[in-house]
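The chain below stands alone and is given as structure tokens, in the form predicted alone.
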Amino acid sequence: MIEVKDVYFTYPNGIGALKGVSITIQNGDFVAIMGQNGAGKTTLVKHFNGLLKPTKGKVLVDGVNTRDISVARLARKVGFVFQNPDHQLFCETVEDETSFALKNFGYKPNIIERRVTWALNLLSLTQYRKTSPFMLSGGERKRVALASVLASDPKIVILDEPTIGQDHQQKEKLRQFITQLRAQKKTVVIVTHDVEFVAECNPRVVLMTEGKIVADGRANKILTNYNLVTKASLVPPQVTQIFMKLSDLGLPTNVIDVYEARKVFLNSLEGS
């Protein structure tokens, strides 16, 4: 679905944000791109929908070079939710915001109505349908931006720091929704610092530092590697930190969530 081939990107101010990045993301993959501020995470995903073009190298989305297609056309395939929702909200009501892309794409009114209703209900926004998005909290505006993207049913969904401003309940809804997207064979890419959220989801993790990819693998392999995560200015999940301290008791150190922890403890009790 996405191929990044030896991509370099330099901003007009001379800062080199990507330095020889190569990555392949298959249809239906769930990928979390992680790393410290300035690692190049957001710069990389902005290449996936053509907002940025490589200084060197190339990016293919569904087999098409992003240099050869407009951002508007890519938007039909790639939905992008920005870290700051105010960068993409501009309509007078939540309903108008959610239906904007669908109207531009030429969908029939009955389809627009059905998709808007579905997206608002999914993200607990129905009561704000006629409300200005700018009257909502930061977390609610984030969900409005997400609803506007999901309503258009893109093949690829990119979420930049989706858990910022969300409480535990909303994070759990987001996790469940990502599971639904994967069941529909959607490709999901998130940029995040939230190691606890990633630990619960256990996706493929791409770890970046200084414009380069330094690790690529399952979350339970990457986030339990203390040297890797600290190099990227992250910390292992809390459960992992506990198991690291208990390693002298013969317990594994690659546990990243409470469900796996429970299984390990039960197995340990059964064996004792």
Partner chain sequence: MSVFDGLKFRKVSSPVHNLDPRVKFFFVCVLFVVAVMFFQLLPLLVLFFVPIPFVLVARVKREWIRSLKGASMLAFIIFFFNFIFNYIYNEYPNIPSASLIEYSVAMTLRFVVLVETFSVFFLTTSPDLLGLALEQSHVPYEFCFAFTTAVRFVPVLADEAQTIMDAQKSRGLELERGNFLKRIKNYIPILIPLIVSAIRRSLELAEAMESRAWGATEKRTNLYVLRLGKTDYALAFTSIFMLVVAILVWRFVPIPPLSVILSFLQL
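Note that this is a predicted model, so its numbers are computed, not measured. Positions refer to the first chain, counted from 1.
What comes next is about the form predicted in complex with the partner chain, which does not appear here.
Checklist line | Location of the partner chain contact in the predicted bound form, chosen stretch of 107 to 115, 181 to 189, 120 to 128, 87 to 95 [non-hydrogen atom, 4.5 Å] | finding: Heavy-atom contact with the partner occurs in 87 to 95.
Notebook entry, point to check: Would residue 157 count as touching the partner chain in the predicted bound form under a 4.5 Å heavy atom rule?
Noted result: The answer is no: residue 157 has no heavy atom within 4.5 Å of the partner chain.
Note to self: in the predicted bound form, does residue 66 come within 4.5 Å of the partner chain, counting heavy atoms only?
What the structure shows: No, residue 66 stays farther than 4.5 Å from the partner chain in the predicted bound form.
Check: Contact between residue 43 and the partner chain in the predicted bound form at 4.5 Å, heavy atoms?
Finding: Residue 43: no contact with the partner chain in the predicted bound form.
Notebook entry, point to check: Hey, in the predicted bound form, is residue 174 touching the partner chain, heavy atoms inside 4.5 Å?
Noted result: Outside the cut-off, so no.
Margin query: With the partner chain taken in the predicted bound form, which residues across 39 to 67 come within 4.5 angstroms through any non-hydrogen atom?
Written below: In sequence order, 46, 49, 51 come within 4.5 Å of the partner.
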